[in-house]
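We begin with a single chain expressed as structure tokens, specifically the form predicted on its own.
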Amino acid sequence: MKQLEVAQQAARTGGAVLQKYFRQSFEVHTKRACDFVTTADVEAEHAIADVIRAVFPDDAILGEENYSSDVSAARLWVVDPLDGTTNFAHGIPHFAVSIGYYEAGEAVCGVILNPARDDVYHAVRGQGAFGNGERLCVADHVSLSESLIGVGFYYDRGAMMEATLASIRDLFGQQIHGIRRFGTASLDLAQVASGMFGAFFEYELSPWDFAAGRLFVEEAGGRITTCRGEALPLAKTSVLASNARLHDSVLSIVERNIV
């Protein structure tokens, strides 16, 4: 489909900008404690938007840095030009460009690219999810004691952090294989879709963090909701993604600790 082709081209264009700056000198600005934006974020977002608007000039764009649109727009592109800014700023090659395309509030296609490793993921509703050309499928685990769990920490260093730590403690009580925190939500969701994680949760994410990744989870056979078990809105929210079989088990833990 044309939107997928444009999303792939836009992701590559944004990724080239990130690679230009990665491990080089660039400006870093602080939005709030431990939340950064770099020159690379801003330039990559403009480059991505230029690619989209060259083909679809009337479509709405919602971006993390400079583009604001009504999420109910009939045709909406949701863009995170640099997911994992903290990793990027510290020279860690685990960050991504994430682009999701929505029609009437429903995810239609998405692309996630880690340009540092040239890992590319794409999904189209009803057609499956793919990583580097191979079809993705969630893990077949039926017990938490078989699973590795991914987690994200919001920038809050107070009650939300304590809630996250409480859920990690309770998950370890279920004899999970371990916890991993990689700091790039879009790639975390791709890892659920790939069968690496049995589940992933974070108590606050913005729509550009999961706009593409949610489709990967669903198309790979998984389930994604809020941490209260509700349908995922295209808004700032908590997120729980799983292989579906483990969803209720993880939900019972993350819901009781949510603030």
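Every value quoted in this text rests on a predicted model; they were computed, and no experiment measured them. Don't overthink the numbering: it's just position in the shown sequence, from 1.
Same protein, other form: the form predicted in complex with D-MYO-inositol-1-phosphate, not shown, and the subject of what follows.
> Specify the contacting stretch among 108-116, 159-167, 134-142, 74-82, defined as having any heavy atom within 4.5 Å of D-MYO-inositol-1-phosphate in the predicted bound form.
That would be 74-82.
> Since exactly one of D59, E218, E204, E43 fits, which has a heavy atom within 4.5 Å of D-MYO-inositol-1-phosphate in the predicted bound form?
Looking at D59, E218, E204, E43 one by one, just E204 meets the 4.5 Å heavy-atom criterion.
> May I ask you to check whether H177 falls inside a 4.5 Å heavy atom distance of D-MYO-inositol-1-phosphate in the predicted bound form?
H177: no contact with D-MYO-inositol-1-phosphate in the predicted bound form.
> Taking heavy atoms and a 4.5 Å cut-off, does F130 contact D-MYO-inositol-1-phosphate in the predicted bound form?
F130 lies outside the contact set for D-MYO-inositol-1-phosphate.
> When the contact criterion is heavy atoms within 4.5 Å, does T184 count as touching D-MYO-inositol-1-phosphate in the predicted bound form?
Because a heavy atom of T184 falls inside 4.5 Å of D-MYO-inositol-1-phosphate in the predicted bound form, the answer is yes.
> Should F172 be counted as a contact of D-MYO-inositol-1-phosphate in the predicted bound form, where contact means heavy atoms within 4.5 Å?
Contact with D-MYO-inositol-1-phosphate, no.
> Quick one: which residues from 140-154 get a non-hydrogen atom within 4.5 Å of D-MYO-inositol-1-phosphate in the predicted bound form?
Residues within 4.5 Å: G152, F153, Y154.
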